[in-house]
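Take a look at the structure tokens below, where one protein chain is shown in two forms, each on its own, as structure 1 and structure 2.
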Structure 1
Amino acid sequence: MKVKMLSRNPDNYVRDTKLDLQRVPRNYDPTLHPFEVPREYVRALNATKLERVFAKPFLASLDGHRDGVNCLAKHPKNLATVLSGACDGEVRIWNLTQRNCIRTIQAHEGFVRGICTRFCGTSFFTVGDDKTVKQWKMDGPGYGEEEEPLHTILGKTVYTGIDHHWKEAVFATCGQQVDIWDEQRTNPICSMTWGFDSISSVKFNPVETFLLGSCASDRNIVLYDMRQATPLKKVILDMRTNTICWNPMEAFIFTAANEDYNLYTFDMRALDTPVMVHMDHVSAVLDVDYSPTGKEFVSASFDKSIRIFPVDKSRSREVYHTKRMQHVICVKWTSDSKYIMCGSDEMNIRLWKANASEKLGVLTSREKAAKDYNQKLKEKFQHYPHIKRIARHRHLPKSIYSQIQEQRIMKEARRRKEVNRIKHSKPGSVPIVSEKKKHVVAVVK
């Protein structure tokens, strides 16, 4: 008689080595795993809460400057090295991993207005209030040598900003006009003007490297073509633009940090309407820098906070502040897109995580899977009121909080008035202007 027995193939359950994971057979029959939506909803809720719990973005504060930090620069080849220029003319080079200053240079008399590194990372340039452009070696002087710049260019006027070309030995300064310099010469090879006003900053386009953008104190943003040695177009906004930053992944997109508390993202081919107006700051925006992935940017404001905006959202996803941080003058996003540095009035450089609740260091595969899953859950259920409320909740200093309330009231009043005006006037006589177009005064060809 044949006896039927349950039999199992050992290949299916015996491990080859003890390091192998045990094979766990799973039954994916949906009837065995009911309530998928409620369960995932709860998971998403928990993930959101945990994200808030673990949101500790502040990493370090680098102190040493004896005046407000006026400008920052990243090292193009080294993630750990950061350069900063202060209002007393001092330039410091920092090591982020050790969180200390590795070199101090008294570079200028008065402010260090601008600082930029050469694309190869061997030297850097500074401009100051003493009408000079100085080139410095990245490595410190040898023993017994004096700290001296490689080159010094004496200019006729004050230079307010400097930026280096991304590929070639060319840099650009701005002051009364935009000058383009060959590193080997003491005269600019090309200088471009359009109108008579002081230009506060100039930036090279990182993708199409012959393009430049500058912003002047007569409320305009001017674009230049270095090859044709001519300005291209000018857009005049409501208020002065403090600085601009090009998107490193999208050649024609740049964002302007404006005095009217907003940031404007423009497509440089269509300047009459900004692509997006980013509003959340409650005071003038002083600096902006893109994440190297081109998906987000960080802005520093006079309201003592920095904010992170997604490129395609008008509201910020994150706001960083500390009790001691004063007006933030400059901000930079590190080249590995993980950290943010900001220099502020009270002489400190602060290091933040770009993603507030991210775990630093190496993740195991399970941690990574859990992180990805939680991220997706948060994304999936982001519109649910409970989750939205928790995810959006941020503690703000009282000054910012009250400012926000105040500005909300002002904005609402303005909106109401506009609506009333439209309502009580002849139809069509009062044009309805969209929020995007409102802030652009004119585009000059």
Structure 2
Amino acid sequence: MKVKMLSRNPDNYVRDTKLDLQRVPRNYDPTLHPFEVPREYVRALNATKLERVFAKPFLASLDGHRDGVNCLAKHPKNLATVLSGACDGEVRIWNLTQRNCIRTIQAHEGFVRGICTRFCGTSFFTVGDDKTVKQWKMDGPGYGEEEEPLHTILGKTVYTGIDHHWKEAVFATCGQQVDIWDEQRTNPICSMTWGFDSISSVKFNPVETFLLGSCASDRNIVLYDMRQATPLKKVILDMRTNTICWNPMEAFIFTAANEDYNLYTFDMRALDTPVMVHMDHVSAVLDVDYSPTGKEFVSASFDKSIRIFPVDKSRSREVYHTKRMQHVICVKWTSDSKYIMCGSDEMNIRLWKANASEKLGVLTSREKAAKDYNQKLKEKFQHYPHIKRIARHRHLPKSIYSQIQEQRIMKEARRRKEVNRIKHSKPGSVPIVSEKKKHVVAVVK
């Protein structure tokens, strides 16, 4: 049997007398510097501090609406064009580069409940409280022409949401049921329903374009197949879901914004357990939208803030708020993945940077190289306590901060109660339920 042993020569590291200098092992390779790690650590620390110094995410506020902004839509072909619908029935079209309103339409009586653009960008659809679906031209009327819709469909009930197919001349509305419409007809091609409650939002899948998802006020999220004209399956949660958004890169992943302050990312192949529970908001989450990369999403909440979550993390990486911003009702991530828009109660649309400390405009090659180097340094040292604390810290309004503390105490009390109950019960009689499974009531197929 061979035994491997470490053998070292004491002459290499033991001093002859106490007066000698300590012998330090050195690598004489000229490419390796003895202080490389400490130097890089200091650089990473400075880069992290500078990132927080230059984090100025707010860009502009688009004002002009005379009532709260209820819905937003992006132009599919033009980055600068954005559409917004307000609670007084007014629709405005904005130019983001000039930051002004280029067209105003009095579209409906009462709220504009939903707005969506056609996949080619030539027209857009609106639904309102007056039980109508209207199709409008994207370009304004000619000189001397009246502002009139291309088509108007009068329905039997109030429509609460609308979404257009990503490739065909088909759109879906929701209210008492989900209706699929052909653009050329005044009656729906098919109507799908499962349960009897009103449906608040409907969304087409951008990858598998024949799939739809909807959420209803009876706490259901229902998935439909347009080809079979039938519901596929539904998941029932603890509380009501306000809206859902499909991941543009992964066909089977969607995120639901819920009334219980959380967001749930589901894989539609296994609805019994969410892939991730995203917790940070302190009030109901009203809207959610994915980044075009599919790696992150932004959520709007009743707590007067918007948060950016990585898809695979349960905590947000960024929170945006201003003193004037009230309950945020709708949010959109622009198609170039650089900006975020949100519409809120106090009649404003705000434009934010998706990356708070990003420098706008053209970067020189040296700036680009420095930015990439700093990014790599921050990634390398991200788990060091000092750097982690600086990178993670965000200033929060007093109201949100105090609610977070309050919820932390409540959560801790619930956890303590659960532990005590398990401790004083017969082993195995009290099941241990994971955080992910707590909020799902049932899955029906």
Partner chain sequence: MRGTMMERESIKSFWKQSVPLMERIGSGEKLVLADLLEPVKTSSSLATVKKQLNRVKSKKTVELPLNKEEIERIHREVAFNKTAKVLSKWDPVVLKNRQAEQLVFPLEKEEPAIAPIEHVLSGWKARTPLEQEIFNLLHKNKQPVADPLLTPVEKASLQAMSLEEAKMRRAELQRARALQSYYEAKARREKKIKSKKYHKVVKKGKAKKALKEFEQLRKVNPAAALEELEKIEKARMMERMSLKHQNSGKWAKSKAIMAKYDLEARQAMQEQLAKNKELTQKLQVASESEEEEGGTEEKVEELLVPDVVNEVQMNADGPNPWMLRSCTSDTKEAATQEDPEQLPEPEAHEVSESEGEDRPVAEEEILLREFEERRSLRKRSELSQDAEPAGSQETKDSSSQEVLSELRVLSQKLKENDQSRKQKASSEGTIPQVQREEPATEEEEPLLLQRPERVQTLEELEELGKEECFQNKELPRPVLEGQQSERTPNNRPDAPKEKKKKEQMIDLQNLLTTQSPSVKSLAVPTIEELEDEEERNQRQMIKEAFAGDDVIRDFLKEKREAVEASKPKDVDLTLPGWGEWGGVGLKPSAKKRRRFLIKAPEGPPRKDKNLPNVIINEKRNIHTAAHQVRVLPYPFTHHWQFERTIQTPIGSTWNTQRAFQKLTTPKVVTKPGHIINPIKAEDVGYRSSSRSDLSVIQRNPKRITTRHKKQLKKSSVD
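Residues are numbered by position in structure 1's sequence, first residue being 1. Basically, rigid core = biggest C-alpha set you can superpose within 1.5 Å across the two forms. Residues that one form lacks are left out of the comparison. This one's a predicted model, so the numbers in the text were calculated from it and none came from an experiment.
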query	finding
Which of the two shown structures is the form predicted on its own	2
Rigid core fit then Ile432 CA moved by 2 Å or more between structure 1 and structure 2	no
Threshold 2 Å Cα movement between structure 1 and structure 2 for Arg421, core superposed	no
Distance the CA of Asp20 travels between structure 1 and structure 2 [rigid core superposed, Å]	50.9
Segments of at least three residues whose Cα atoms shift by 2 Å or more between structure 1 and structure 2, after superposing on the rigid core	1-34
